[in-house]
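In the block that follows, a single chain appears as structure tokens, in the form predicted on its own.
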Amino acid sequence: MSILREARLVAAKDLRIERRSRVALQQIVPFGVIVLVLFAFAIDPDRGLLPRLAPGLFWAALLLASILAVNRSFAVEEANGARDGLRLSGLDGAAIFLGKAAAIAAELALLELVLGVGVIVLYDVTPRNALVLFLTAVAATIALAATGTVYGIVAAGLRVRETLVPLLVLPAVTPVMLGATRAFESALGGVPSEAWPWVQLLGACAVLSVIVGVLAFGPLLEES
């Protein structure tokens, strides 16, 4: 069985669990929307700050929600020895990583669509340069999902997983947050040429995080 086919099996398993439990729809998506609404109330809209701060607030809300998604992805395997089942399944560690990261990325993509609508409605933002926005979102989503998956398995099985994952993930994704925010700012500001260096940075972060995950996830799974 190829790695990609094994990855599809793992991703389908995680997404099937989420579809049945509806945690993503009932908790993660509402959490992200609530964060956006709180930001809107916390910042005085009369000063015209919301449109300028929208890119950073969007990615901050997505990052906080992504941590919930990562914790959820590994929490479902705590019960009934499901993680032991993964170890004994014979699946390649790289395939398990790719599958879990893909499932998290799919959840984040759904969340981005919802948050994007929220930013347009609440922050009075007009979307421009759709290609830059799309490529930025794809690269940043891959980087966030892959990084979260790696650190999720590092913290898996620990009682302090819920608090340890944010402490590990937040510093690691700083370049991703910076690049995504700057790229969005340039695109929405009508200067897409200034966004491309940041998009390239995000692409490099995405590739690096995937490579690290493919190489490290298997050994980390055995130790977790």
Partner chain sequence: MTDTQLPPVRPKQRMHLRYTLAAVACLAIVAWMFTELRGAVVYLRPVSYAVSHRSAQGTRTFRMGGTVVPGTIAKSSDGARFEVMEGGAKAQVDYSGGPRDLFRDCAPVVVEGHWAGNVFTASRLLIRHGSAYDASKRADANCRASTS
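These figures come from a predicted structure and were not determined experimentally. Positions refer to the first chain, counted from 1.
Below, we turn to the form predicted together with the partner chain, even though it does not appear here.
Considering non-hydrogen atoms and a 4.5 Å limit, does the partner chain approach Gly190 in the predicted bound form?
Yes, Gly190 sits close enough to the partner chain in the predicted bound form that at least one of its heavy atoms falls within 4.5 Å.
Evaluate Val114 for contact with the partner chain in the predicted bound form, applying a 4.5 angstroms cut-off between non-hydrogen atoms, and reply yes or no.
No, Val114 is distant from the partner.
Contact between Leu86 and the partner chain in the predicted bound form at 4.5 Å, heavy atoms?
No.
Within 4.5 Å, heavy atoms only: does Pro30 come near the partner chain in the predicted bound form?
Because no heavy atom of Pro30 falls inside 4.5 Å of the partner chain in the predicted bound form, the answer is no.
Of Ala94, Val76, Leu135, Ala106, the one that lies within 4.5 Å of the partner chain in the predicted bound form (heavy atoms)
Only one listed residue qualifies here, and that residue is Ala94.
Even though the chain is shown alone, can you say which residues of 201-218 have a heavy atom within 4.5 Å of the partner chain in the predicted bound form?
Those in contact are Leu201, Ala204, Val207, Leu208, Ile211, Val214, Leu215.
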